[in-house]
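Take a look at this one chain, the form predicted on its own, written out in structure tokens.
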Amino acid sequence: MSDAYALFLGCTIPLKFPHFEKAFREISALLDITYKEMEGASCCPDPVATQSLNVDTWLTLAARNLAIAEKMDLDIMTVCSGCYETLKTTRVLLEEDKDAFGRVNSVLNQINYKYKGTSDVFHFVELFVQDEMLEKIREKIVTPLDNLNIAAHYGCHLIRPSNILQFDDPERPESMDKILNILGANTVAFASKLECCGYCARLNEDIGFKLVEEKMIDLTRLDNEVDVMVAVCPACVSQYDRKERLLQRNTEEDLNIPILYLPELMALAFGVDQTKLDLSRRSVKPKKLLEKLKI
């Protein structure tokens, strides 16, 4: 791990969820994480749609972002799991495929960029789960999450494809749970924990609805009431938050579990003023959660 990082925000968080960025910046400052802004960075691009259309275009756009970090002589830290998978996968594939490496640089050279493969890529969860950082997190707690039952949603892009990302166990991941446990929370086990959120099934919305319904109903069936589900990908947070409320309108199920981005929950535990976090900007309001925390 580095002493400083090039911060890759991607496009989804700054454009759609600036409150997620705010929460991340708040906790980063408290944890003394040093990063620099990546001027000129573009969309990562999307790890599913763009790659499906043209792999070389996907690799070239991602390599340009990596080249910006290389000019800064820094490794990249991402705050979005999709960005993490795209940039990390591009780095690995271009190291393995010299022909692709050449094709990508032949395009980048036309706009005065050169990809070398010298900057690594990390998701913020990778940093936070290190022993030293877990201790820092423990020291910053103002409001322990001792009374909360929390469901951790890992999503697809944080831990898969595992042979490329090589972070956490794709079948039994622990990183998010470790962070939540340090904050004092009880992380619940549930059958659909590793299921996809369905966000990328946009050509068939029924698939996305079915996946959300399966997980949310799974959580309502547990012995202990789940106070919140936490994710580390903006697409996952958005998918569950929006579709959970739509499902409740169309079913007899009582689906009312708030969905938070992990840095938002950490910010609450660190005592960050909730008015800075704009937690009202979601379909399922975390009112009961805040009452339980006595905030």
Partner chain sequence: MTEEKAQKIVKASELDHDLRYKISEQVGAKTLLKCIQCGVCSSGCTVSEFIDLQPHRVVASLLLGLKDVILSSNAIWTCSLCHRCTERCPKGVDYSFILALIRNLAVEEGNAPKEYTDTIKTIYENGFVVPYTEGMKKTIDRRRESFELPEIVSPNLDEIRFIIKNTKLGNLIENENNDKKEDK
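Residue numbers count along the first chain shown, from 1. Source: prediction; values computed, not measured.
Keep in mind that the form predicted together with its partner chain is missing from the display, and what follows is about it.
Residue contact check for Leu222: none of its heavy atoms lie within 4.5 Å of its partner chain in the predicted complex.
In the predicted complex, no heavy atom of Phe190 sits within 4.5 Å of its partner chain. Contact annotation: Lys136 falls outside 4.5 Å of its partner chain in the predicted complex, judged by heavy atom distances. In the predicted complex, at least one heavy atom of Asn204 sits within 4.5 Å of its partner chain. In terms of contact with its partner chain in the predicted complex, the residue from Val226, Leu247, Leu30, Ala41 that brings a heavy atom within 4.5 Å is Ala41. None of Thr143, Ser162, Thr118, Asn147 but one reaches within 4.5 angstroms of its partner chain in the predicted complex through a heavy atom, and that residue is Ser162. Look at 72 to 80, 118 to 126, 94 to 102, 180 to 188: in the predicted complex, residues with non-hydrogen atoms within 4.5 angstroms of its partner chain sit in 94 to 102.
Shown here without its partner chain, the chain has Glu37, Glu39, Gly40, Ala41, Ser42, Cys43, Pro45, Asp46, Pro47, Val48, Ala49, Thr50, Gln51 in 35 to 51 lying with a heavy atom within 4.5 Å of that partner in the predicted complex.
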